[in-house]
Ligand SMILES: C[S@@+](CC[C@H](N)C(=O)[O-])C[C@H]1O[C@@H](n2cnc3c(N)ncnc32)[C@H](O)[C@@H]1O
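Coming up is one lone chain in structure tokens, specifically the form predicted alone.
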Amino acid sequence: MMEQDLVAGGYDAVYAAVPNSPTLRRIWHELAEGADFPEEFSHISFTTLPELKRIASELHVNPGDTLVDLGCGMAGPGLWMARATQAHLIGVDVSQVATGHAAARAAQLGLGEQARFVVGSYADTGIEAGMADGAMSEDALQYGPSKEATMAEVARILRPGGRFVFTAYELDPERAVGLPILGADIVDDYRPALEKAGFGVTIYEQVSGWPEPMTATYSAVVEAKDALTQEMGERATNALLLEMALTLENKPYRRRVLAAATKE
């Protein structure tokens, strides 16, 4: 629990400072999410607008269904999905600051009645069993302390036939071991954990064009350290740059994948 509290504290510091940084927003918009991504749904993952549309088509959720966004952050992609599908969104994140920003953003976008946000972990969302029609996650699952526990929790909250669609990074066991940002559960393929949890995997494919977006974005952020420190403060900037510098130096990610699985 102490380790989880430390992780949440680091995320809280970053999420509290992100809205104050036009430099980070500019870099992320240009190099990560893409110039066509709608600013009102901005985020700090690498999800692009074409990817969001692909995820929407694979989720198979309908208006009025319940959709869970696991590791939602400030919920840009999740809220985009809620508007596009007219599903009810439940966003889950370990950071109370992130979920607070997400709720405020939902209200500003007129989605306050359609979305709610809870503080929870990958393995303990606090959501009632079988209540979700679909689940999504964007570039977050690699941080889960236990991938099997994460997949078991997603299976628990989904109804039979519900879909789980996500992007995530496969880890290189030799390069990722010992990195504090990734923990001890080094997974180079998510399919065994999905299948053990009772999912049928229907799509599992490498996302094209990688790792160039991550390399370019992280390098630009590291180079902008002085501006970011002025805008975000030293603690948040150091927490952000630590992960990016370690990633650039150690190259722990084998590839980025998009997966879709159905609860059997």
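None of these values were measured; they are calculated from a predicted model. Don't overthink the numbering: it's just position in the shown sequence, from 1.
Heads up, the form predicted in complex with the ligand isn't pictured, but that's what we're talking about next.
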**OP:** Using a 4.5 Å heavy atom cut-off, indicate which stretch of 92-100, 155-163, 171-179, 126-134 touches the ligand in the model of the complex.
**Re:** 92-100
Subject >> Close approach of G183 to the ligand in the model of the complex, 4.5 Å, heavy atom >> reply: no
**OP:** May I ask you to state whether A82 is within 4.5 Å of the ligand in the model of the complex, using heavy atom distances?
**Re:** no
**OP:** Spell out, yes or no, whether the shortest heavy atom distance between C72 and the ligand in the model of the complex is within 4.5 Å.
**Re:** yes
**OP:** Would you please decide whether L31 lies within 4.5 angstroms of the ligand in the model of the complex, comparing each non-hydrogen atom pair?
**Re:** no
Original post:
Looking at the ligand in the model of the complex, which residues in 229-262 have at least one heavy atom within 4.5 Å of it?
Top reply: none
